[in-house]
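Read the single chain below, which is given as structure tokens and is the form predicted on its own.
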Amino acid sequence: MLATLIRTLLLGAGAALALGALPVRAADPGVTDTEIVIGLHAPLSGPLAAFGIDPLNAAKMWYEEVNKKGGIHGRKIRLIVEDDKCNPNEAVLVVKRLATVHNVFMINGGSCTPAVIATQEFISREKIPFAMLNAAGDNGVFPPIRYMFGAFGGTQRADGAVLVEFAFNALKARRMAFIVHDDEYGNAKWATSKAVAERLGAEAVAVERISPRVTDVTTPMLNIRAARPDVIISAAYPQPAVLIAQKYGEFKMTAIPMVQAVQGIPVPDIFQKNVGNDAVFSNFYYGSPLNDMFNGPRQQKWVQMYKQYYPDRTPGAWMAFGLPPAMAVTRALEKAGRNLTREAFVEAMETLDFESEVFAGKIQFAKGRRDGMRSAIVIRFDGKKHTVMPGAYAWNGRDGM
């Protein structure tokens, strides 16, 4: 009997060793039977905090709404919030801390493209799904990186394309003048603007490249005036955009429509005040990725919800931009199912195709596509009243690539 017992114990030990030799898959970080941990980051302090606080709050609001309805397949979302200060070095530290200290399942964050790009090497190496918050720079999504999804509010390529489409179709412009920056932002904008103009049969009669730090745009604006265009398309940042508009008025060019890219006019009332010349706005348009004016009727659902969650804070112009990324994350979590893994989540993100009720076009991804939205509306601004022009315009995803 003793020999039989020893033999049984030895066989059991051998079986245990054999089983121990088999690879046993550990659960992905940040997922338990009751919760999914998501890292959320944005600039919450410093000079660029205005780009981050409201979008991050809006994302938190959406996740809380999902939790109120029972969560995702019985799991509640728990957020770990970090401040990246819109600084690339800080963003890398934040992402590493979220991944290695807080063991998050995925990350939803970033309001500044350079800060997001700085994290890409770590994200790719560690295979952590990442959905940008309101960062939308082209070099964050082109070329596509498997674990990173973004540009929910459209890229520079998309923005450049839709402004030309609008100028050609709505304003009947055939002779177009462009003033764009001489950096990566400007290069991307100009690439699609040029390609769309050529496809439509429009002529670029003037192309002025300026530094983002330019302090005088007299010469480029005189060159544009001399070219006698049908439309002026400005793709400048806020400070240069103000200088351009001032010269546009000073040189009495307002008979020519001006179309301003959204990046240069994040808050139209402040832009108007800085320009200081109401004559500029007699023939002035600007693009927007939203489906309406920020305070328009189609945005009121989100504005009122935000005020309920944050009664002591007035939502800024970037608030709504934080909603579609969070919507995409929760939809992908639903599609990935109860047996949630990071790879299943990424595959689910690649199949998303939905209306956010926030932006002008659908949020769409695919295996070879990581830019989420390619549409925009155009708004006419006369210095007092904002009028949404009919229809939305979209980049086809091919022009300028």
Partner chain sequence: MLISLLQAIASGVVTGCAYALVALSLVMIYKSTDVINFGGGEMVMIGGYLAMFALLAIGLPYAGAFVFAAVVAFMVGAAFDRVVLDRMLGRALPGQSVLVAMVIATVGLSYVLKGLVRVVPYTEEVRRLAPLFAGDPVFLGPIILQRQDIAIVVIAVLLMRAWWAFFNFTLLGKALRATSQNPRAAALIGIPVRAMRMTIWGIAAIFAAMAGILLGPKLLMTPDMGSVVILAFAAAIVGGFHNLPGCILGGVVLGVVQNLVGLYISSRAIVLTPFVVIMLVLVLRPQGLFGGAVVTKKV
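The structure displayed is predicted, hence computed values, not measured ones. Numbering follows the first chain given and starts at 1.
Beyond the structure shown, there is the form predicted in complex with its partner chain, which is absent from this document and is the topic of what follows.
Although the partner is absent here, K194 lies well away from its partner chain in the model of the complex, with no heavy atom inside 4.5 Å. In the model of the complex, none of the heavy atoms of D138 sits within 4.5 Å of a heavy atom of its partner chain.
Its partner chain is not shown here, but in the model of the complex it comes within 4.5 Å of a heavy atom of Q246. Among heavy atoms of N169, none comes within 4.5 Å of its partner chain in the model of the complex. Look at 238-246, 319-327, 153-161, 302-310: in the model of the complex, residues with non-hydrogen atoms within 4.5 angstroms of its partner chain sit in 238-246. Interface residue among N274, S282, N103, S124, judged by heavy atoms within 4.5 Å of its partner chain in the model of the complex: N274.
Checking E90, E198, D182, D230 for any heavy atom within 4.5 Å of its partner chain in the model of the complex turns up a single hit: D182. In sequence order, P220, L222, N223, R225 are the residues of 220-234 having a heavy atom within 4.5 Å of its partner chain in the model of the complex; the partner itself is omitted from this view.
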